[in-house]
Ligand code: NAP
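Below you will find one chain, with nothing else, as structure tokens; this is the form predicted on its own, and questions on how it binds or moves follow later.
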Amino acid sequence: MERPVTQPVRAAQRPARLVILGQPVAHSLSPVFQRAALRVAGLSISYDREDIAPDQLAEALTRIAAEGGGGNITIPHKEAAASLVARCTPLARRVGAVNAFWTEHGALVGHNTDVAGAVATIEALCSRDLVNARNMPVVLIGAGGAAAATLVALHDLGYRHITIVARNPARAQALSARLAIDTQVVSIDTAEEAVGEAALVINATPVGLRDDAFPVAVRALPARCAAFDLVYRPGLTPWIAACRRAGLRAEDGLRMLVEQGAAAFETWFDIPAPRAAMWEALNAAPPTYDA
């Protein structure tokens, strides 16, 4: 089985401040656990949220670069950020999306730690299956920046039978071609049929973030299937809660969030991320996640 081969990336300069850029971003838990990590590490650096519209992203990144800052980027800006930073790391170029960045000599460097987060979650959820990953059918729902990182993670873990379900099949086909990863692409209209033989189904869309919609009906999933939702919400997303009630192995995006955040922390500061403190902060956060 192939394993991820990306080498650790370390920033040449520690960020003067940290921020997460997105829209919406009020729900983000990144400040909760990153502030805890900064406290434990004895780093007097702020970590803030900024709700940024797409037409404000370039200006925001320019301003942060002038401040010597860094941080994270979330939906819907990950792909746009890859073309706005001065330089992307090889992994960010491969994925075509940036979710972590920092300033070096006045210019922004973009990186992708979502791959690390996806790998960690898939390994935890499917540990018993990974030895046979090459022959395990996987269905990935979505074709955006989060889907790109997840597709790279799946490929590096050894999965070779991957179907992408997308509202825009042409976009999914372009994603597969750009990453040079062989996939089957089907329309969202055939999602229930596509998951019929899946060993793992992954939602890499925002479905379920602000509503109770399911990316695909739970009744369509095989009994031995595992489900992974990149979305996270207090008390699990409705889809993952329903999957667990049906007896399926299922995780929301919380582990991926922490692991990509830990990878970003280690990139920014070149010290081990205090994962225990990060999880402790999340467990103590109000159920509205408004910390």
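Note that residue numbering begins at 1 and tracks the sequence as displayed. Rigid core (definition): largest C-alpha set, two forms, superposition within 1.5 Å. None of the values given here were measured: they were computed from a predicted structure.
Not pictured, yet referred to below: the form predicted together with the named molecule.
Trainee: If contact means a heavy atom within 4.5 Å, which one of 144-152, 192-200, 103-111, 88-96 is the stretch that engages the named molecule in the predicted complex?
Mentor: One stretch meets the cut-off, namely 144-152.
Trainee: Among Ala120, Leu84, Leu209, Leu130, which has at least one heavy atom within 4.5 Å of the named molecule in the predicted complex?
Mentor: Only one option qualifies, and that one is Leu209.
Trainee: Using a 4.5 Å heavy atom cut-off, which residue among Val139, Ile73, Ala204, Val115 comes into contact with the named molecule in the predicted complex?
Mentor: By the 4.5 Å heavy-atom cutoff, the listed residue in contact is Ala204.
Trainee: Within 4.5 Å of the named molecule in the predicted complex: all of Ile188, Tyr232 and Gly253, by heavy atom?
Mentor: Yes.
Trainee: Is Arg160 part of the interface with the named molecule in the predicted complex - any heavy atom within 4.5 Å?
Mentor: No, Arg160 stays farther than 4.5 Å from the named molecule in the predicted complex.
Trainee: When the contact criterion is heavy atoms within 4.5 Å, does Arg178 count as touching the named molecule in the predicted complex?
Mentor: Arg178: no, not in contact with the named molecule in the predicted complex.
Trainee: Consider Ala37 of the chain shown here, and say whether it contacts the named molecule in the predicted complex, taking contact as heavy atoms within 4.5 Å.
Mentor: No, Ala37 is distant from the partner.
Trainee: Just to confirm, Arg167 within 4.5 Å of the named molecule in the predicted complex by heavy atoms?
Mentor: It does: once the named molecule is placed as it appears in the predicted complex, Arg167 has a heavy atom within 4.5 Å of it.
Trainee: Taking the rigid core as the reference frame, is the Cα of Asp211 displaced by 2 Å or more between this form and the one not shown?
Mentor: Yes: Asp211 shifts by at least 2 Å between this form and the one not shown.
Trainee: After superposition on the rigid core, does the Cα atom of Asp182 shift by at least 2 Å between this form and the one not shown?
Mentor: No, the C-alpha position differs by under 2 Å between this form and the one not shown.
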